[in-house]
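Only one chain is given next, in structure tokens, and it is the form predicted alone.
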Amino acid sequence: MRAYFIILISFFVYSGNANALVIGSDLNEVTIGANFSGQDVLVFGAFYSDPSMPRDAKGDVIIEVKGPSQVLQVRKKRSFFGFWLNSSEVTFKEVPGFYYLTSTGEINDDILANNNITLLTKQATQKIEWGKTRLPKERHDFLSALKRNKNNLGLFEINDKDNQVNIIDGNLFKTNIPIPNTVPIGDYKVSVYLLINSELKEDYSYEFKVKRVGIESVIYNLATIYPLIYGLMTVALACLLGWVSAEMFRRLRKA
């Protein structure tokens, strides 16, 4: 409620401009614990436009969420005498670990590309290591495979069928961003764009953090910071459980 009040104040302060945009959220941190199954982040805000104009002429709001950048490799396999082997490989740099895009209207690929609102920006696309992949169709197939893999994990979604951003009273908007339990930890950037006649007029962004807490945090830090120790502990635990199971089975046979 406090954040919503701040948004309203900011809206009236900015409403003197031809195009004004402000946003807010109900939280700035998502904590992942042992029972975390996903969470919705509420994003709301206001944009200024001439009240006398019809709704279609006021423009559209696009909300984009990007997670921490990752380096991902996509491999293509081919059959050689009945064996499926890797034939080519592409390395994608600065790929968001999580990506979500929604809008008040229909999402058009050309509009997104022209305003540099994409999963992979033009700058990031130039950093792709294509290897032996030269043909445009092959590169398109690798990009499609990357998006498909992330979509299967629930880490990439574009709402291009249903308008998920609700407009309230003509100038206020809100939407819920679903954060699945498979998201990577780190800093997330929420960007809101105001497009009028398919051109970007205003944009605003803020960040929130996803982090692990409790036993989840201990296990994750141990596995990432001290992988050797984590591996030895895992092997030791497996041996211990195996010995305990064998001992219990031996005693039951004697009983």
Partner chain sequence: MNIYLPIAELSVNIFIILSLGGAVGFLSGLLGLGGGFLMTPLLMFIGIPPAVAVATSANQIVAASVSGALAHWRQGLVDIKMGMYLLLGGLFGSFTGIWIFKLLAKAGQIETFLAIVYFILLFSIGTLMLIESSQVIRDRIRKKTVKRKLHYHNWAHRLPFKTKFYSSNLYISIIPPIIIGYFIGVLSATMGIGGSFILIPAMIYFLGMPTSKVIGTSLFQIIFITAFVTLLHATSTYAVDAVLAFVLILSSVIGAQLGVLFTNKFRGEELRALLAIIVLAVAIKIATDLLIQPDDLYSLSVIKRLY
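Note that this is a predicted model, so its numbers are computed, not measured. Numbering follows the first chain given and starts at 1. In this text, the rigid core denotes the largest set of C-alpha atoms whose superposition between the two forms falls within 1.5 Å.
This protein has a second form, the form predicted together with its partner chain, left out of what is shown; the following refers to that one.
In the model of the complex, at least one heavy atom of Phe36 sits within 4.5 Å of a heavy atom of its partner chain. Its partner chain is not drawn, but in the model of the complex it has no heavy atom within 4.5 Å of Ile128.
Shown alone here, Asn28 lies farther than 4.5 Å from its partner chain in the model of the complex, counting heavy atoms only. Taking the partner from the other structure, its partner chain in the model of the complex has no heavy atom within 4.5 Å of any heavy atom of Asn115. Proximity to its partner chain in the model of the complex, defined as a heavy atom within 4.5 Å, singles out one entry of Ile196, Val190, Val41, Ile32, which is Ile32.
Interface residue among Asn171, Asn149, Asn176, Thr121, judged by heavy atoms within 4.5 Å of its partner chain in the model of the complex: Asn149.
Residues from 88 to 103 that approach its partner chain in the model of the complex with a non-hydrogen atom closer than or equal to 4.5 Å are Glu89, Lys93, in the order they occur in the chain. Relative to the superposed core, Lys147 undergoes a C-alpha shift smaller than 2 Å between the shown form and the other one.
For Tyr206, the Cα coordinates differ by under 2 angstroms between the shown form and the other one after the core has been superposed.
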